[in-house]
Structure formats: structure tokens, C-alpha cells
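As C-alpha cells, one chain now follows by itself in the form predicted alone.
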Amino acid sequence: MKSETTEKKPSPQIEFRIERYKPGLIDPPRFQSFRVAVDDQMSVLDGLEQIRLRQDAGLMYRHSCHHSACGTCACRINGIERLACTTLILSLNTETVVLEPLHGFPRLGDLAVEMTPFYRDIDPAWSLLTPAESIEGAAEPAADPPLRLEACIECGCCVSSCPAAHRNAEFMGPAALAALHRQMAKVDSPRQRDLLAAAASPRGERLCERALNCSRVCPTDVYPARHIADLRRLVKA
């Protein structure tokens, strides 16, 4: 009788080429390679976890929610700003995954950056809530329209990808301008004028070069470039 055996296919090995940096230790930055066995469900963040647990406990990167709600794991993956938690390794169709920290932020170590500059022009008093979209088929509209959190998860991808932000450190940047424009829809006319004046300042929308990278890399479809274009029209009106 012929026996049937099921041979398990070996997991593909992917090279992780990571830009390492430790102030005073790995300085200046340099790339280091690791080999990781992957499957079709593994994300880039899963690969980083494997490296940290099995090969180098000193590897630094930021992460929290693991499901694209917090934005902390954003980095440059093969030259493009992405969330490591939602980027499947095999979907990149490459044998080498090159990881760099976000550009334009002070480096803390390896892939971890200091995010404080991201909030420089975002007022903490601005509302994080916005009216929720209507749901098709809902029985009746609510008396008080429901609210949801703003789509921006403050990952920093838009700022990292923005050439204008890199050329001019004073530029408010795509995240702040998008947040400002959203805030204008939530306040009265006098405060709208104050916000528009900020957008029209020498640090505001005029410095945007319309590269559109911010909208291309945004993982939550905030479309910062569209908000900046709307601000530009309002400033010129």
C-alpha cells in the first residue's frame, strides 16, 4: 500500500536590512542585515519582533496597538512611509526588506524617532472628534449626530514624505495644516478667521509644493494635500 506523506514547505527566508543607530555606540548610522523565516501572514512588525526576541534584544522601534490604530510603528519600508503592523512582508514581493526611521524627526535609536516636533503646530485643545458619516440603511437619523475620532492617527508618515518640510524647517507641515482645516469646521466664525490667519502665515500653506506625497502615504486616507489645497483657496478668496 502506497503511503501518502505531506511535505511541509520550508518557510521563505527574507533579509531584513535595518538602519541601526545608537548614539555613541552605532554612530554614525549603518545598515545591519538579519535573516527571518516568514509566512504569508507575517507583517513587517512581526519580523521586527522576531529579530528582537531571537537575534538582537537591543533593536529599537516603536509599536503599540498592532492594528493600525496608533500609528507608532510607522517607518520607511523599502523607501516608502508605511505602518509596519499592516504591511505584510510577502506582499512587498522582495527578498530584502529595507527599514529606515521616518525622515525629518530626531532619532532616538534604530527605527525609533522623537515625535514631539510633529505636535509643534497642533493645538492640544483642538477637538479629536468629528461628526460620523451617515450609515446607509440606518433606521432614523439620530437627534444628536454621532461623533467619531478623527482619522489621523498621528503616525508622521506625511511629514516624513514631505519634501517641503525637509527643505524648510519652519513649514507647519501637512499634518498640522490638515488638522487646522478640520478644526475650522468645528468652531465659530471668529475662531475660523484666527485659524485661517495661521494657515496664511509665512509658515503656512504657501510653503506646500504640491508634491502630494503626504496623501499618497497616509495610511488612513486623511488626504492632507486636499486640506492644504482647500486652505489655499480660502486664503486667496
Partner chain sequence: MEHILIIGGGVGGALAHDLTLRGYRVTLVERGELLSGTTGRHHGLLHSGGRYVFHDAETARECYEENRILRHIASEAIEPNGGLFIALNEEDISHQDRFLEGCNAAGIPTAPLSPRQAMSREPALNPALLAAVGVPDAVMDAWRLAMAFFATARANGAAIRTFCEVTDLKMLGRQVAGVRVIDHRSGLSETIGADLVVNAAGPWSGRIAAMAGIGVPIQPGPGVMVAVRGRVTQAVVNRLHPAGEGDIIVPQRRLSVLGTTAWLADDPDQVTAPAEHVARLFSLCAELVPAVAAMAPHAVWSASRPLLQSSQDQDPFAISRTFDCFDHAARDGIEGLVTLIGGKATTMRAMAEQTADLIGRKTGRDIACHTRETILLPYRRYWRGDMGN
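Please read these numbers as outputs of a predicted model, since none were measured by experiment. Numbering follows the first chain given and starts at 1.
The same protein also exists as the form predicted together with the partner chain; that form is not shown, yet it is the one meant from here on.
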property: The partner chain contact at E100 in the model of the complex, heavy atom, 4.5 Å; result: no
property: Touches the partner chain in the model of the complex: L92 (any heavy atom, 4.5 Å); result: no
property: 4.5 Å heavy atom contact, A198 to the partner chain in the model of the complex; result: no
property: 4.5 Å heavy atom contact, P163 and the partner chain in the model of the complex; result: no
property: Selected contact from R17, R216, K22, R226, since only one has a non-hydrogen atom within 4.5 angstroms of the partner chain in the model of the complex; result: K22
property: Listed residue (A69, V187, A37, A169) with a non-hydrogen atom within 4.5 angstroms of the partner chain in the model of the complex; result: A69
property: Proximity to the partner chain in the model of the complex (heavy atom, within 4.5 Å), stretch among 188-196, 202-210, 28-36, 46-54; result: 46-54
property: Within 46-66, the residues that have a heavy atom no more than 4.5 Å from the partner chain in the model of the complex; result: E49, R52, L53, R54, A57, G58, M60, Y61, R62, H63, S64, C65, H66
